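The chain below stands alone, shown as structure tokens; this is the form predicted on its own.
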Amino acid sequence: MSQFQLLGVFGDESNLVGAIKAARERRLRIVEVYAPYAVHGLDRVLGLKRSRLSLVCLIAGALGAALKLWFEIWTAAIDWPVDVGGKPWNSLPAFVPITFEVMVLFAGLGTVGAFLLISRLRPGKQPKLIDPRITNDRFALLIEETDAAFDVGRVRALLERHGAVEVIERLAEEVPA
């Protein structure tokens, strides 16, 4: 069964944020919000949870530092101990600079990898654009019908009241042109 949707196209981010607040107050189902750039505070208005990507970064960095320290101590003190001027084989201060660099490398690569995995981005993936103008200068809010009490006229009026340039009615299974 296909779901009925309303797509509100906005010319300004403040109008979009106002429409989202009003739609959430009326408990409308917001399917997606499209913007040509990151809008400050949009995640808070949508009620999204905080990202756990920073935790992934911390874990990847700590793992990289631990693995690098283990590898350096193993090579310098166990596998190939070389006596250079009577210095200790497992001198931790000598390992700090390269350990820091490897920690940053692991944290960066781990964060990028987790982001690409979670967002399902891959090379060559074609985006499904709901409206070609959202990549340039428009913002869009997609609201879906949830039950029989969904009043198209009221939702259309709500979007237009908050500055929608255009309101498009469509079915969820339709492929945008």
Partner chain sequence: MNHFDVTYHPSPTLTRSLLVLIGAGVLAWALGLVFAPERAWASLMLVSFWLVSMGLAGSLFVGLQYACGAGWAVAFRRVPEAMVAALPVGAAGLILVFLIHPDLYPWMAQHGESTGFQALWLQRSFFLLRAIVYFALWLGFSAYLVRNSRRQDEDGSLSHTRRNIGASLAYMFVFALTYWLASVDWIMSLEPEWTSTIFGIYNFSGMFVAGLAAIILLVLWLKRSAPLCDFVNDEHLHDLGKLLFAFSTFWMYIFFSQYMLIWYANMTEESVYYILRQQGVLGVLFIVNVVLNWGVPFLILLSSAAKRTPAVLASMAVLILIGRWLDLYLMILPPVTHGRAAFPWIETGMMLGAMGLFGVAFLAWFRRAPQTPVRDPMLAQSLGYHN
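Since the structure is predicted, the reported quantities are computational estimates derived from the model, not experimental observations. Residue numbers count along the first chain shown, from 1. Heads up, when I say rigid core I mean the largest set of C-alphas that superpose within 1.5 Å between the two forms.
Separately, the form predicted together with the partner chain exists; it is not shown, and the next lines address it.
Considering the partner chain in the model of the complex, the lone stretch of 35-43, 61-69, 114-122, 137-145 in range is 35-43 [heavy atom distance within 4.5 Å]. Although the partner is absent here, Pro97 lies within 4.5 Å of the partner chain in the model of the complex, judged by heavy atoms.
Interface membership of Arg52, defined by any non-hydrogen atom within 4.5 Å of the partner chain in the model of the complex, is ruled out. Contact between Val82 and the partner chain in the model of the complex is not found at the 4.5 Å heavy atom cutoff. Interface residue remark: Ser91 is counted as part of the site for the partner chain in the model of the complex, having a heavy atom within 4.5 Å. Core-aligned CA deviation for Gly85 between this form and the one not shown: 2 Å or greater.
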